[in-house]
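Only one chain is included here, represented as C-alpha coordinates and corresponding to the form predicted on its own.
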Amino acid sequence: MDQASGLRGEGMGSHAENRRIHLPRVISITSGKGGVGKTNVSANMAYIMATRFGLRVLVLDADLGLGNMDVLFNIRPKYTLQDVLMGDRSLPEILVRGPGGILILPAASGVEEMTSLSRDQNLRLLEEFENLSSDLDVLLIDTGAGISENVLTFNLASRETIVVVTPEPTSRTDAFALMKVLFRRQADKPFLFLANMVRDRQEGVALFDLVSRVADSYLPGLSLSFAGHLPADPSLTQAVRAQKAIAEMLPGAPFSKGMEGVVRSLLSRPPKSGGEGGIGLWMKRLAGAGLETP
(Lines give C-alpha, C1' and ligand atoms only; values in the text may rest on other atoms or scores of the structure.)
Protein backbone atom coordinates (compact mmCIF):
# COMPACT_ATOMS: atom_id res chain seq x y z
CA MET A 1 0.00 0.00 0.00
CA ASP A 2 1.37 3.42 -0.96
CA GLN A 3 2.44 5.66 1.88
CA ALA A 4 1.48 9.28 2.41
CA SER A 5 4.34 10.72 0.41
CA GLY A 6 2.39 9.69 -2.65
CA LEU A 7 -0.96 10.70 -1.25
CA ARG A 8 -0.55 14.31 -0.24
CA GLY A 9 -0.81 15.63 -3.77
CA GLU A 10 -3.35 13.02 -4.76
CA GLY A 11 -6.11 13.11 -2.19
CA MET A 12 -5.54 15.66 0.53
CA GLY A 13 -3.86 18.62 -1.07
CA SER A 14 -4.10 18.53 -4.86
CA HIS A 15 -6.75 21.24 -5.04
CA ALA A 16 -6.36 22.76 -1.59
CA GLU A 17 -5.35 26.12 -3.00
CA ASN A 18 -8.66 26.39 -4.84
CA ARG A 19 -10.85 25.29 -1.92
CA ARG A 20 -11.94 27.23 1.12
CA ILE A 21 -9.73 26.11 4.00
CA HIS A 22 -11.88 24.93 6.87
CA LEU A 23 -11.68 22.88 10.02
CA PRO A 24 -12.97 19.34 9.57
CA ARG A 25 -15.40 17.75 11.98
CA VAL A 26 -13.31 16.03 14.63
CA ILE A 27 -15.23 13.04 16.00
CA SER A 28 -13.90 10.51 18.50
CA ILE A 29 -15.46 7.06 18.70
CA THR A 30 -14.91 5.50 22.09
CA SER A 31 -16.19 3.01 24.65
CA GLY A 32 -15.85 2.20 28.31
CA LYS A 33 -14.95 -1.43 27.65
CA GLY A 34 -13.51 -3.40 24.78
CA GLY A 35 -15.40 -5.83 22.62
CA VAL A 36 -18.36 -3.56 21.88
CA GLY A 37 -17.63 -3.17 18.15
CA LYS A 38 -16.06 0.27 18.32
CA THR A 39 -13.49 -0.25 15.56
CA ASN A 40 -16.11 -1.75 13.24
CA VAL A 41 -18.23 1.32 13.90
CA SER A 42 -15.29 3.62 13.07
CA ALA A 43 -14.29 1.75 9.90
CA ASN A 44 -17.79 1.51 8.47
CA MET A 45 -18.67 5.07 9.41
CA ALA A 46 -15.58 6.28 7.54
CA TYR A 47 -16.36 4.14 4.50
CA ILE A 48 -19.98 5.31 4.31
CA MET A 49 -19.06 8.96 4.81
CA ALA A 50 -16.59 8.71 1.92
CA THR A 51 -18.58 6.58 -0.53
CA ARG A 52 -22.21 7.51 0.16
CA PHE A 53 -21.77 11.17 1.11
CA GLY A 54 -18.63 12.10 -0.84
CA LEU A 55 -16.69 13.35 2.18
CA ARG A 56 -12.92 13.45 2.54
CA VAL A 57 -12.30 11.32 5.61
CA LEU A 58 -9.20 10.61 7.68
CA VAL A 59 -9.26 7.87 10.34
CA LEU A 60 -6.79 8.04 13.22
CA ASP A 61 -6.25 4.67 14.89
CA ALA A 62 -5.73 6.03 18.39
CA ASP A 63 -5.54 2.67 20.14
CA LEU A 64 -1.83 3.39 20.14
CA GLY A 65 -0.43 0.14 21.50
CA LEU A 66 -3.00 -2.28 20.06
CA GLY A 67 -3.99 -0.69 16.77
CA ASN A 68 -5.99 -2.91 14.44
CA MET A 69 -7.66 -0.61 11.92
CA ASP A 70 -5.07 -1.69 9.34
CA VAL A 71 -5.89 -5.36 10.02
CA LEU A 72 -9.60 -4.76 9.55
CA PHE A 73 -8.91 -3.15 6.15
CA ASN A 74 -6.20 -5.70 5.22
CA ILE A 75 -3.57 -2.95 4.94
CA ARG A 76 0.12 -3.41 5.78
CA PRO A 77 1.52 0.03 6.63
CA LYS A 78 5.25 0.58 6.41
CA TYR A 79 5.21 3.20 9.18
CA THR A 80 2.97 3.85 12.20
CA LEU A 81 2.39 6.50 14.86
CA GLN A 82 5.32 5.01 16.76
CA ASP A 83 7.62 6.33 14.03
CA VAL A 84 6.08 9.78 14.48
CA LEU A 85 6.64 9.81 18.24
CA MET A 86 10.22 8.64 17.75
CA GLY A 87 10.77 11.60 15.44
CA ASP A 88 11.52 9.43 12.41
CA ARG A 89 8.44 10.39 10.38
CA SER A 90 5.77 13.10 10.26
CA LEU A 91 2.04 12.35 10.22
CA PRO A 92 1.64 12.95 6.47
CA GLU A 93 4.45 10.48 5.80
CA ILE A 94 2.70 7.56 7.53
CA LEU A 95 -0.73 7.98 5.89
CA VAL A 96 -2.09 5.05 3.90
CA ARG A 97 -5.14 4.95 1.67
CA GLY A 98 -7.95 2.54 2.44
CA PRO A 99 -11.07 1.44 0.57
CA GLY A 100 -13.40 4.13 -0.70
CA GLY A 101 -10.56 6.65 -0.72
CA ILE A 102 -10.44 7.07 3.05
CA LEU A 103 -7.07 7.92 4.62
CA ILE A 104 -5.76 6.07 7.66
CA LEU A 105 -3.18 6.99 10.30
CA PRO A 106 -2.10 3.54 11.56
CA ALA A 107 -1.12 2.82 15.15
CA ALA A 108 1.54 0.42 16.39
CA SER A 109 0.49 -3.03 17.57
CA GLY A 110 2.03 -4.88 20.49
CA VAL A 111 4.20 -1.94 21.57
CA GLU A 112 3.81 -1.53 25.34
CA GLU A 113 5.44 1.92 25.51
CA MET A 114 2.69 3.32 23.28
CA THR A 115 -0.05 2.49 25.78
CA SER A 116 0.96 5.14 28.31
CA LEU A 117 2.26 8.26 26.63
CA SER A 118 3.36 11.17 28.75
CA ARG A 119 1.50 14.46 28.69
CA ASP A 120 4.25 15.97 26.54
CA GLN A 121 4.10 13.05 24.10
CA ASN A 122 0.34 13.37 23.80
CA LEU A 123 0.59 17.09 23.12
CA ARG A 124 3.44 16.59 20.65
CA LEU A 125 1.35 14.07 18.73
CA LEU A 126 -1.59 16.45 18.63
CA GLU A 127 0.73 19.24 17.52
CA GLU A 128 1.82 17.04 14.61
CA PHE A 129 -1.65 17.48 13.15
CA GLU A 130 -0.50 20.92 12.04
CA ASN A 131 1.43 19.05 9.33
CA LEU A 132 -1.76 17.69 7.83
CA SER A 133 -3.59 19.45 5.05
CA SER A 134 -6.81 21.27 5.92
CA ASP A 135 -8.33 19.66 2.85
CA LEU A 136 -10.45 17.27 4.94
CA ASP A 137 -14.11 17.10 5.85
CA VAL A 138 -14.00 14.64 8.75
CA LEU A 139 -11.33 13.37 11.14
CA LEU A 140 -12.52 10.20 12.90
CA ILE A 141 -10.54 9.16 15.98
CA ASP A 142 -10.91 5.49 16.88
CA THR A 143 -9.78 5.53 20.51
CA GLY A 144 -8.87 2.67 22.77
CA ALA A 145 -11.34 1.51 25.42
CA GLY A 146 -11.36 2.50 29.08
CA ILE A 147 -10.09 5.56 30.92
CA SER A 148 -6.34 5.53 30.27
CA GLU A 149 -4.67 8.88 29.68
CA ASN A 150 -4.37 8.15 25.95
CA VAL A 151 -8.10 7.51 25.66
CA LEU A 152 -8.98 10.62 27.64
CA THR A 153 -6.60 12.82 25.63
CA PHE A 154 -8.05 11.93 22.24
CA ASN A 155 -11.62 12.22 23.48
CA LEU A 156 -10.86 15.64 24.92
CA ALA A 157 -9.28 16.62 21.61
CA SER A 158 -12.47 15.98 19.63
CA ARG A 159 -15.42 18.28 19.13
CA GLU A 160 -17.85 15.37 19.31
CA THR A 161 -17.56 12.06 21.14
CA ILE A 162 -19.59 9.01 20.16
CA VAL A 163 -19.80 6.49 22.99
CA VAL A 164 -20.52 2.97 21.74
CA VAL A 165 -22.60 0.94 24.21
CA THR A 166 -24.08 -2.56 24.04
CA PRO A 167 -26.83 -4.06 26.22
CA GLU A 168 -24.26 -5.83 28.41
CA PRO A 169 -24.37 -4.43 31.98
CA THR A 170 -20.56 -4.03 32.00
CA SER A 171 -20.72 -1.97 28.81
CA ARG A 172 -23.30 0.38 30.33
CA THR A 173 -21.38 0.73 33.59
CA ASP A 174 -18.02 1.34 31.95
CA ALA A 175 -19.51 3.81 29.45
CA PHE A 176 -20.91 5.83 32.33
CA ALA A 177 -17.54 5.71 34.12
CA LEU A 178 -15.76 7.02 31.01
CA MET A 179 -18.26 9.87 30.56
CA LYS A 180 -17.94 10.75 34.24
CA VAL A 181 -14.16 11.14 34.00
CA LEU A 182 -14.38 13.18 30.79
CA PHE A 183 -17.20 15.33 32.21
CA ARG A 184 -15.08 16.20 35.25
CA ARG A 185 -12.31 17.43 32.97
CA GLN A 186 -14.52 19.19 30.44
CA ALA A 187 -18.02 19.88 31.73
CA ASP A 188 -19.35 21.37 28.48
CA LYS A 189 -18.37 18.40 26.32
CA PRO A 190 -21.31 16.84 24.43
CA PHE A 191 -21.65 13.06 24.15
CA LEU A 192 -23.48 11.04 21.51
CA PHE A 193 -24.80 7.65 22.62
CA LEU A 194 -24.66 4.90 19.98
CA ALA A 195 -26.47 1.68 20.89
CA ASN A 196 -24.73 -1.26 19.21
CA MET A 197 -25.70 -4.94 18.91
CA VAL A 198 -29.34 -4.33 19.79
CA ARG A 199 -32.45 -6.10 18.45
CA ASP A 200 -34.15 -2.95 17.20
CA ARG A 201 -34.53 0.78 17.75
CA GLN A 202 -36.81 0.20 20.73
CA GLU A 203 -34.09 -1.70 22.58
CA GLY A 204 -31.54 0.96 21.59
CA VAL A 205 -33.69 3.78 22.96
CA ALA A 206 -34.38 1.82 26.15
CA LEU A 207 -30.63 1.36 26.62
CA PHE A 208 -30.07 5.09 26.12
CA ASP A 209 -32.85 5.98 28.57
CA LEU A 210 -31.33 3.71 31.20
CA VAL A 211 -27.90 5.32 30.98
CA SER A 212 -29.22 8.87 30.65
CA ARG A 213 -31.34 8.49 33.79
CA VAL A 214 -28.24 7.50 35.75
CA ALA A 215 -26.36 10.45 34.24
CA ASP A 216 -29.16 12.84 35.20
CA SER A 217 -28.98 11.62 38.78
CA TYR A 218 -25.22 11.60 39.27
CA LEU A 219 -23.87 13.99 36.61
CA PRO A 220 -26.36 16.86 36.30
CA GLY A 221 -25.45 19.06 33.37
CA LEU A 222 -23.92 16.30 31.25
CA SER A 223 -24.98 16.63 27.61
CA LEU A 224 -25.97 13.18 26.28
CA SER A 225 -27.89 12.68 23.03
CA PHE A 226 -29.08 9.57 21.21
CA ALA A 227 -27.05 9.03 18.02
CA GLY A 228 -28.97 5.98 16.84
CA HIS A 229 -28.79 2.20 16.98
CA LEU A 230 -27.00 -0.58 15.12
CA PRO A 231 -28.51 -4.07 14.97
CA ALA A 232 -26.81 -7.27 16.03
CA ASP A 233 -25.84 -8.69 12.63
CA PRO A 234 -24.28 -12.17 12.24
CA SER A 235 -22.91 -11.24 8.81
CA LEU A 236 -20.54 -8.77 10.49
CA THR A 237 -18.34 -11.72 11.48
CA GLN A 238 -18.11 -12.74 7.82
CA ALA A 239 -16.86 -9.28 6.85
CA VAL A 240 -14.32 -9.16 9.70
CA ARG A 241 -12.87 -12.51 8.63
CA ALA A 242 -12.61 -11.23 5.06
CA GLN A 243 -10.88 -8.08 6.40
CA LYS A 244 -13.37 -5.74 4.79
CA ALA A 245 -15.80 -3.13 6.04
CA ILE A 246 -19.24 -4.73 5.97
CA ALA A 247 -20.57 -1.58 4.29
CA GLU A 248 -18.24 -2.39 1.38
CA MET A 249 -18.68 -6.15 1.30
CA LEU A 250 -22.39 -6.39 2.14
CA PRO A 251 -24.00 -2.96 1.62
CA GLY A 252 -27.48 -4.44 2.03
CA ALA A 253 -26.74 -6.04 5.41
CA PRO A 254 -28.73 -4.78 8.43
CA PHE A 255 -25.59 -3.33 10.04
CA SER A 256 -24.65 -1.48 6.82
CA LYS A 257 -28.11 0.03 6.47
CA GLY A 258 -28.17 0.93 10.14
CA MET A 259 -24.80 2.64 9.90
CA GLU A 260 -25.91 4.67 6.90
CA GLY A 261 -28.85 5.92 8.96
CA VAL A 262 -26.56 6.83 11.86
CA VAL A 263 -24.23 8.74 9.54
CA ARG A 264 -27.10 10.55 7.84
CA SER A 265 -28.46 11.64 11.22
CA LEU A 266 -25.02 12.71 12.44
CA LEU A 267 -24.34 14.83 9.36
CA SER A 268 -27.75 16.48 9.60
CA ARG A 269 -26.79 18.12 12.89
CA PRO A 270 -23.38 19.75 12.48
CA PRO A 271 -21.54 20.90 15.60
CA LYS A 272 -20.94 24.46 16.59
CA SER A 273 -18.21 26.37 14.77
CA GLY A 274 -14.76 25.44 15.99
CA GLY A 275 -13.00 28.76 15.48
CA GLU A 276 -9.85 29.63 13.57
CA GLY A 277 -6.65 27.67 13.10
CA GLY A 278 -5.51 24.33 11.76
CA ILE A 279 -6.47 20.87 12.95
CA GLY A 280 -3.48 20.53 15.24
CA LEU A 281 -3.88 23.94 16.86
CA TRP A 282 -7.54 23.28 17.65
CA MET A 283 -6.89 19.79 19.02
CA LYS A 284 -3.87 20.84 21.04
CA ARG A 285 -5.74 23.73 22.64
CA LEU A 286 -8.72 21.59 23.56
CA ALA A 287 -6.81 18.54 24.78
CA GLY A 288 -4.27 20.72 26.58
CA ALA A 289 -7.01 22.35 28.60
CA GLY A 290 -8.29 18.95 29.65
CA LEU A 291 -4.83 17.62 30.43
CA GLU A 292 -4.19 20.45 32.86
CA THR A 293 -6.81 18.93 35.14
CA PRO A 294 -5.35 16.19 37.36
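All values derive from a computational prediction rather than experimental measurement. Just count from 1 along the sequence shown to find any residue number.
This protein has a second form, the form predicted together with a small molecule, left out of what is shown; the following refers to that one.
Checked against the small molecule in the predicted complex, the residues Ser171, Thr153, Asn196, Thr161 give one hit for a heavy atom within 4.5 Å, which is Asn196. When contacts are defined as a non-hydrogen atom within 4.5 Å, all of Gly35, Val240 and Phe255 contact the small molecule in the predicted complex. Exactly one of the stretches 196-204, 96-104, 183-191, 216-224 approaches the small molecule in the predicted complex with heavy atoms within 4.5 Å, and it is 196-204. Heavy atoms of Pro231 reach within 4.5 Å of the small molecule in the predicted complex, making it an interface residue. Looking at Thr39, you'd find a heavy atom of it within 4.5 angstroms of the small molecule in the predicted complex. Interface residue remark: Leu236 is counted as part of the site for the small molecule in the predicted complex, having a heavy atom within 4.5 Å. Heavy atoms of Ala145 reach within 4.5 Å of the small molecule in the predicted complex, making it an interface residue.
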